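Take a look at this single chain, the form predicted alone, given in structure tokens.
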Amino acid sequence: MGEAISVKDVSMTYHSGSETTKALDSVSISVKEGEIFGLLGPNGAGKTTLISILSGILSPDHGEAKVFGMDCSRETKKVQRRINVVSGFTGVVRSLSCREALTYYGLLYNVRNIPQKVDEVLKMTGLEKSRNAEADDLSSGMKQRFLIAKGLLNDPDLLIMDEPTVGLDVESAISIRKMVKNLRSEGRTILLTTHNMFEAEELCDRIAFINSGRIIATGTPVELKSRIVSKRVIEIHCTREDCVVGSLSPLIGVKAVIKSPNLVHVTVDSYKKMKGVLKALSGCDSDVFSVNELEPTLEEAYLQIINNKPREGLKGGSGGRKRLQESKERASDD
């Protein structure tokens, strides 16, 4: 599997009068062909600048950015033939039907056999019945489908999706995420920016966190989450939480606290201590309904890595966590 995107030591500075802003500072990322790669960071982190460089709109001050082996600054037209950008912040043309608007964009993209391609992307995005409706009159979710249809007109190998579900209702966002998965299954590479951590975790094979123009962490969602935890947290549902805490209190390296009625959180400094925890529970005068290992959310990993505030274990109630078992079940359903 080759590289779809190769960014090496890219820096970019904006000048405005006597003021300078370093938008990118020695950024390096590598995106494999056929994967969904997430670029996550706060507003002003440098995401838009990097997208503009990959699209050939801007040239970096230093370093190189390549798409499918082609230099984005020196081979811009070749690069642009193989990519497209879908942004959740883009408006749509007025007074044109979806079919007319897509035909217009097809002309701009030098698409061959435009009528056939327009019909194809309308079908792919579920807009067939809306082909004669004015694009500007569509609902937010349908407008986003239109923008994706527009982005597929030139049959791009790389699709850059900038906040594709921003401002959408839950049902529309789910529909767009399903569409993104289908695009990846067709072999397309997708660079995704989003502020929705659940969306990033659901869709992305790998993720890079960017802040103040620098890449501060890269990995799979599981790898990124594992970076913020050095202790394991076990959630126990039981009938007598006081009995459970009392049974576990003699164990070294194990700390049990009552989180709520019938719920105890147990922190262990080593997974090897789990055998002792289970043995103690078996001798406890309490019914135990479930024992689940908790994992941090991607949102927690993002906030702690971005803010550079590591901690030893998980805190807070179960509402801010995903159970490991539930995460595995969701992954298998997908």
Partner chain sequence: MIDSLVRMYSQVYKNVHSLKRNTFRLADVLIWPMIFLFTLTFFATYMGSDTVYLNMIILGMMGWRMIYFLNLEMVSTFVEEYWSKSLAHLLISPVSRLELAIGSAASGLLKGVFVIFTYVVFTGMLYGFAIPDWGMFAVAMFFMAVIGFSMGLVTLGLGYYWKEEAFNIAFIWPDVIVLLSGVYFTVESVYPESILPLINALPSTQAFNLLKSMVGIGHPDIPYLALLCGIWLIAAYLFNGFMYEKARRAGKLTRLG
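Numbering follows the first chain given and starts at 1. Values in this document were obtained by computation on a predicted structure and should not be read as measured data.
Keep in mind that the form predicted together with its partner chain is not shown, yet the notes after this line are about it.
Can you tell me if Ile252 lies within 4.5 angstroms of its partner chain in the predicted bound form, counting non-hydrogen atoms only?
Ile252 lies outside the contact set for its partner chain.
Touches its partner chain in the predicted bound form: Ser52 (any heavy atom, 4.5 Å)
Yes, Ser52 sits close enough to its partner chain in the predicted bound form that at least one of its heavy atoms falls within 4.5 Å.
Spell out, yes or no, whether the shortest heavy atom distance between Lys150 and its partner chain in the predicted bound form is within 4.5 Å.
Judged by the heavy-atom cut-off of 4.5 Å, Lys150 is in contact with its partner chain in the predicted bound form.
Exercise: Val92 in contact with its partner chain in the predicted bound form, heavy atom 4.5 Å:
It does: once its partner chain is placed as it appears in the predicted bound form, Val92 has a heavy atom within 4.5 Å of it.
So its partner chain isn't shown here. In the predicted bound form, which residue out of Asn182, Ser260, Asn110, Asn113 has a non-hydrogen atom within 4.5 Å of it?
Contact residue from the list: Asn110.
Looking at Asn211, Thr125, Gln80, Thr194 here, can you tell me which has any non-hydrogen atom within 4.5 angstroms of its partner chain in the predicted bound form?
By the 4.5 Å heavy-atom cutoff, the listed residue in contact is Gln80.
Looking at 33-41, 284-292, 53-61, 299-307, which lies within 4.5 angstroms of its partner chain in the predicted bound form, counting heavy atoms?
It is the stretch 53-61.
Residue by residue through 69-105, tell me which have a non-hydrogen atom within 4.5 angstroms of its partner chain in the predicted bound form.
If the 4.5 Å heavy-atom criterion is applied to its partner chain in the predicted bound form, 69-105 yields Cys72, Ser73, Thr76, Lys77, Gln80, Arg81, Asn84, Val85, Ser87, Phe89, Thr90, Gly91, Val92, Val93, Arg94, Ser95, Leu96, Ser97, Glu100, Thr103, Tyr104, Tyr105.
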